[in-house]
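So this first bit is one chain, no partners, the form predicted on its own, shown in structure tokens.
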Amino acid sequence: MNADLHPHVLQTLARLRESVRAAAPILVDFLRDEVEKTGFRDVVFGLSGGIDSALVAYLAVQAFGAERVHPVIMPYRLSSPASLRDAQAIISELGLKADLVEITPQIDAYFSRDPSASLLRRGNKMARERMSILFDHAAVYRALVLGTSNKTELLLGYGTQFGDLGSAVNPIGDLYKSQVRALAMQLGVPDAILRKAPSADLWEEQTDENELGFTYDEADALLHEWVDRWQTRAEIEGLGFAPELIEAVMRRVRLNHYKRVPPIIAKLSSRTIGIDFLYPRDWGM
């Protein structure tokens, strides 16, 4: 943690980390309940070698046992070798059997007709290709796909719609990044994963915080005040957050809200799916 952060940010981060001390058994029960009540027994997820998917792996193994947990490693040719090494360390530690699916052939074949495609387009294509592979593997194992996006990413919209933001069940979607780190440390995720800079690993030298323009620690503390404690912009400024940071974070949250809701359906009938045709997710199971 950065000791140069404002004292209030440091105090908030400490509270967030402390708040997840008893979260693991709750999340394990959540996973088991939400998967099994829909008639499934197994789960599939993408294992990147990063801290989010590592935490999901540890929680899933506690919920289902290693034999019912199916991680898929999906590197691209520019992915960091350290990511593959860290993913393999998790597999070895938890006794998992993983599938390795290289996505380089299909990604490069697609962009061969448009070599000037931007990094954003390439990153989105990779994220959606990976999710497509996960849902195919879900059919192989008759499993549900687990999400690995945390609350900070979901609020900031730092993910690809129908790519890494798509899943059937997400056990860590209400944990800020700092809480993910704390819980991962508690469950024994290897130090190499805990210490490395967060990255979607979509291209060389990419890091989340360089792309966002602020740190996860700053974002977590600010989002906690705004989202969970319902503080106004003026109140947040009064806590010592820079106006530029507040604007950057709030703007991202507002602009990316469309990623957090289901597709909008035009209402023409008396009962419309998602508007007034509403039932629990496990209705009829």
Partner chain sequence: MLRVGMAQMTPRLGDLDQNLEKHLDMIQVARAQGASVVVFPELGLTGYALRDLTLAVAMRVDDPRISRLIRESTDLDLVFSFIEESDDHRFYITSIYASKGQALHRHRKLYPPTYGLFEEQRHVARGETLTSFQTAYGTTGLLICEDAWHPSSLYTLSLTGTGVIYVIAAGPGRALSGSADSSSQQFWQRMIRTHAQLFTTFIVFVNRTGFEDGLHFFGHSFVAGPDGEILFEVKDDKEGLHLADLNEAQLRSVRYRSPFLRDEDPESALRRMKQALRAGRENG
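Computed from a predicted model, the values in this text were never measured in an experiment. Positions refer to the first chain, counted from 1.
Note that the form predicted together with the partner chain isn't included here; everything after this is about it.
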Just one of H257, R233, R251, K37 has a heavy atom within 4.5 Å of the partner chain in the model of the complex. Which one? K37
Interface check vs the partner chain in the model of the complex: of L156, L175, V145, A184, the one with a heavy atom inside 4.5 Å is L175
The partner chain contact in the model of the complex: F30, any heavy atom under 4.5 Å: yes
Please tell me whether any heavy atom belonging to R15 falls inside 4.5 Å of a heavy atom of the partner chain, as the geometry stands in the model of the complex. yes
Indicate whether S19 is a 4.5 Å heavy atom neighbour of the partner chain in the model of the complex. yes
Contact label in the model of the complex: I26 to the partner chain, heavy atom within 4.5 Å: yes
Need the contact residues for 247 to 285: heavy atom within 4.5 Å of the partner chain in the model of the complex, sequence order, or none if there are none. R271, D276, F277, L278, Y279, P280, R281, D282, W283, G284, M285
